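First, one chain by itself: the form predicted alone, in C-alpha cells.
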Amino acid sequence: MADSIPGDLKYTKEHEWARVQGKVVVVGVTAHAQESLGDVVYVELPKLGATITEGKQFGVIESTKAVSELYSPVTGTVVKVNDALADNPSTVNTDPYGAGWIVEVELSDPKQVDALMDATAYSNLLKSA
C-alpha cells in the first residue's frame, strides 16, 4: 500500500492530500479515500475566492455508496477549482493524485503544511486503521 502513496505530498487523517507549490496548495482525496467511497458521482466544489479553514468542511463528495464531507488541510483562499469534475466526477477514481484534484488554495500561513503528515506517517495511519 505504501507504494501507492506519493512521497511528495502531505496528508490529513481525513484522507485528503496536499501538494505544496510555493504559497499555493493543491488539494484532493487519497487513493484510499476514493477506493473506500467507490464510484464517485458528484463533487461539490467551493466558490472561487472563498476562504476555507483548516479542518473545516469545504465541500462534499458523493459516491454510489455514500456522501462524505471534504475537509480542508489548510486555511486560505480558493484560487482555482477543478471544474472538470462537474462533467466527469469519476476522474477522482481514475486519477486521484493527478487530474482528480479538487481545489487550489493560497495559504494564509505557509507553516500550516508542516503539521500535515508525510507519506510514511499516512501509510502508518492506514495500517493502524
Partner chain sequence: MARRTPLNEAHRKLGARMVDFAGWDMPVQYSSVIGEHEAVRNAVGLFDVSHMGEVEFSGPGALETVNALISNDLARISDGQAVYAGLLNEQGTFVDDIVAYRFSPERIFICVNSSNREKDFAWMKEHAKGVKPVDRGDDFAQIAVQGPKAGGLVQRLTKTDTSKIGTYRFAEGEVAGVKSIISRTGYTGEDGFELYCAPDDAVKLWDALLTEGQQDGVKPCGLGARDSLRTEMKYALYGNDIDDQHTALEAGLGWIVKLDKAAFIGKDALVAQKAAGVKRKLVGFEVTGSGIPRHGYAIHKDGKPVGEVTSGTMGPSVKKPIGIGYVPAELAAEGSTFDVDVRGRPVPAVVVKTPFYKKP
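As the structure is a computational prediction, the values presented were derived from the model and not from experiment. Residue numbers count along the first chain shown, from 1.
Not pictured, yet referred to below: the form predicted together with the partner chain.
Q: Thinking of the partner chain in the predicted complex, which stretch from 36-44, 77-85, 22-30, 100-108 has heavy atoms inside 4.5 Å of it?
A: Residues of 36-44 come within 4.5 Å of the partner.
Q: Any chance Ser63 has a heavy atom within 4.5 Å of the partner chain in the predicted complex?
A: Yes, Ser63 sits close enough to the partner chain in the predicted complex that at least one of its heavy atoms falls within 4.5 Å.
Q: Do Ala50 and the partner chain share at least one heavy atom pair within 4.5 Å in the predicted complex?
A: Although the partner chain is absent here, Ala50 would stay clear of it in the predicted complex, with no heavy atoms inside 4.5 Å.
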